[in-house]
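In structure tokens, one chain follows: the form predicted on its own.
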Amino acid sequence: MSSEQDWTAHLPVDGPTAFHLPEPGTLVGAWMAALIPKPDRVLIWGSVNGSSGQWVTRGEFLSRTVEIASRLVGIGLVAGDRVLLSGSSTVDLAVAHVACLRLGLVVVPTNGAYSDPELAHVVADSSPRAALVDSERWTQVLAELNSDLVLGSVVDPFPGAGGSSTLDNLLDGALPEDPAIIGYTSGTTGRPKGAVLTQSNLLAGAQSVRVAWRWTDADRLILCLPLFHMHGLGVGLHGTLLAGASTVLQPCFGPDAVLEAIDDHAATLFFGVPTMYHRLTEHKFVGRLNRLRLCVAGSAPLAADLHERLAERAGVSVLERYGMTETVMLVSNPYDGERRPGAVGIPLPGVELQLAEGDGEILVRGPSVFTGYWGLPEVTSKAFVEDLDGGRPWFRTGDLGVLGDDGYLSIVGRAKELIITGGLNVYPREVDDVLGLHPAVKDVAVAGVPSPEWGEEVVAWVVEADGQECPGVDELRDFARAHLAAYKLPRRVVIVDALPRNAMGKVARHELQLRG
């Protein structure tokens, strides 16, 4: 099913009628075209060099990216080198990210909540030449992991380096097919895989929602989503820069801060995950959301009853959409037309979608779909299905869907065993392997159980070792904390005599989920 005709029905008469990538077909090229005019217009509000928050203009932001790019060249980085980037959502982090992409470097956005073993895997797998982080502890850990890694601070990277007289020839010269980001997403083997996204992939993802959501330079986004995640980075930040709009960066989510920013900064947009909306509905001033032009939900399913509560308490119809690290954005409820609770909408401009015969797995293709997993050609091959007519292969999302007669897609399950908690992905095998190291655990399996606040919560079913008594959930979480990010830790532990297994000996996690 193609998407362009579907979206033209929801666009204004004088609006765009076909999806195309802005010239020159690269993310950085399109950004420059949008931002260079009117350099005095404000672009980003947020922390600068440790400040509590201030506005930065387009001109100031771009000048800062040139300065940081010069320093990156000064330490010997060249186009194609990987740079690990991790920090809280600040103007400094946004500047570093854009500076890297303007030089043709490949950014490896990394979750600052990762444990040391998780960080070690990303470093070993992506082999970055440099790392910019905002944690002194991480600086020490990274130095121990790779003594050749050039380490710098996000806030003021590599002072004293730079001064390249040829910098103008190095900026914004990336080609559409050049890698721009390696986004790590957990896999069924328990080892995160790096999804390689090109300049054109990222541009297509941002352009599709810019068109579909009527994003213009008059908009102002409240952005409290982390900038290591595709929702915050690939949609929130990239989309803002592409539209020539402005954004209010908040280092973390807080209902008070979000609702106050609506008035303080005359905001028009808010992007959040269902957990955020769950907490906002309980706030006495949730009605302020009604002053926004658009509220978008993603990264996890938005429960139909939460959608209805937001409509009742705040008078807003939240627009739910669907995407993933490997594809940026795929599907969205329409800006005009019905925003249907329980459905993620119709394919975005440029996206084609079909359901696999048999299980109904969602298959997609289009200009935003990634090129493959870093260093994993066999895994990449298995992730795609050849087109019977010889066209572009279809990416297997791992999600199961149902298409209505009117083209609306609903996600009804997962072919993979992914748990989505608070908008973040957790693969059970990774957690199983860590919990299984505890001496009191003979056998263990985790699965996701529905939660009104988190969407799903991680629950561990444990078979106790002979003569041992399994510790409580707090002790088990403390044990696993050295190996796993906090959001992956189980919130409940259930003691069982045996785990349900199929004829091949594989744990039947769906049976555990039925037990709740």
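This one's a predicted model, so the numbers in the text were calculated from it and none came from an experiment. One rule holds for the numbers: they count along the sequence shown, beginning at 1.
One more form of this protein exists, namely the form predicted in complex with a small molecule; it is left out here, but the text below deals with it.
Contact with the small molecule in the predicted bound form, judged by any heavy atom within 4.5 Å, is made by just one of 273, 292, 434, 106: 273. When you look in the predicted bound form, the only residue of 422, 128, 334, 401 with a non-hydrogen atom within 4.5 Å of the small molecule is 422.
Remark: of stretches 442-450, 219-227, 130-138, 241-249, the one touching the small molecule in the predicted bound form is 219-227 (heavy atom within 4.5 Å). Among residues of the shown chain, residue 487 is one whose heavy atoms approach the small molecule to within 4.5 Å in the predicted bound form. Taking the partner from elsewhere, residue 454 is found to have a heavy atom lying within 4.5 Å of the small molecule in the predicted bound form. Put simply, residue 237 is far from the small molecule in the predicted bound form: not one heavy atom of it is within 4.5 Å. In the predicted bound form, at least one heavy atom of residue 477 sits within 4.5 Å of a heavy atom of the small molecule.
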